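Below you'll find only one chain, the form predicted alone, shown as structure tokens.
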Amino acid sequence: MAEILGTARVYGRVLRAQIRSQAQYRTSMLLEILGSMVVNGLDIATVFVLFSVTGALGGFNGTEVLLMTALAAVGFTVGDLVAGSADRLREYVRSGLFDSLLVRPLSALVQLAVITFALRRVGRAAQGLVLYIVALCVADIPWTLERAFFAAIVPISGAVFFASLFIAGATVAFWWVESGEVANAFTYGGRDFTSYPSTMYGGWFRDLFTLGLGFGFVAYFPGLVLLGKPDPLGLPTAVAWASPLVAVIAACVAAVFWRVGVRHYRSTGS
């Protein structure tokens, strides 16, 4: 236990140093935070621009869509805050800086997350959390003890899912250094997919992203659980409660990717 606490203190000191260094230029930091919040707000507003034209999205009304969009927003922004900087792994691999992480008696993944921590992402995460609280207040949710507990943990499972996706996508850099755009197609593309009800999509595309890749367990299925609605796609109700389990599976897959990638890594020799 003492060793774990000691390691946590080391990570905490490095993180505080990163925050202090970014906070030295306060105006720049505030502009970056506000800018990222505006961009995130525009992404969310896009959903409701579509809603204002059609009157409904995938068979769901405004407050129901708001709840799913908020779940997607809080899951993605918190996951991005924790592990979004993992996409800088390719810079460390290309330059050989990743060697310096491996020679220290600390987790290379946690070191990378702490060293590349971006304070500007705090604003978006707070914005997503506020949107989620508002959605819970305005949506017609038949509250029960089970749903209240589920409402508390499902944003965490969404964040774990997206953080796992960021890490798995970044790990591709061990084999293909310029893989950033491919990884972004799944992370940012997945965020856009989860912002809308899955019933908006059709055919193999919907089945692949909703069930095959698990994006439906970030916002669509949790939204159905909270709203007390059956799945229009016909899946059993028990499936909709599986979001935390899917997040754990995603984290395990990302951990395996990372371990295999690190073992495959060969120094640049520089």
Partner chain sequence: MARVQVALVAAGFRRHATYRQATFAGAFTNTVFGFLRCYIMLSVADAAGGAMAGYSGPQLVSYVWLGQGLLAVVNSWTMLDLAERVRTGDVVADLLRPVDPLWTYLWTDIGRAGFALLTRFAVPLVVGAVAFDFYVPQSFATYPLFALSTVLAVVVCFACRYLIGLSAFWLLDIRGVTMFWVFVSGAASGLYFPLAVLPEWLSTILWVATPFPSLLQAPLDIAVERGGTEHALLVCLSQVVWVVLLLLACHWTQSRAVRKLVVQGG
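Predicted model, so just to flag it, every value in this text is computed and none were measured. Numbering follows the first chain given and starts at 1.
The same protein has a further form, the form predicted in complex with the partner chain, not shown here; the description that follows concerns it.
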I need the one stretch from 67-75, 196-204, 95-103, 147-155 whose residues put non-hydrogen atoms within 4.5 angstroms of the partner chain in the predicted complex. 196-204
Does the partner chain get within 4.5 angstroms of any non-hydrogen atom of W143 in the predicted complex? no
Although the partner isn't part of this model, could you tell me whether S107 comes within 4.5 Å of the partner chain in the predicted complex, counting any heavy atom of the residue? no
At the 4.5 Å heavy atom threshold, is Y25 in contact with the partner chain in the predicted complex? yes
Wondering, does L226 line up within 4.5 Å of the partner chain in the predicted complex on heavy atoms? no
Is every one of T7, V14 and F174 in contact with the partner chain in the predicted complex, taking contact as a heavy atom within 4.5 Å? no
At a 4.5 angstroms cut-off on non-hydrogen atoms, which residues of 219-246 are near the partner chain in the predicted complex? List them in order. none
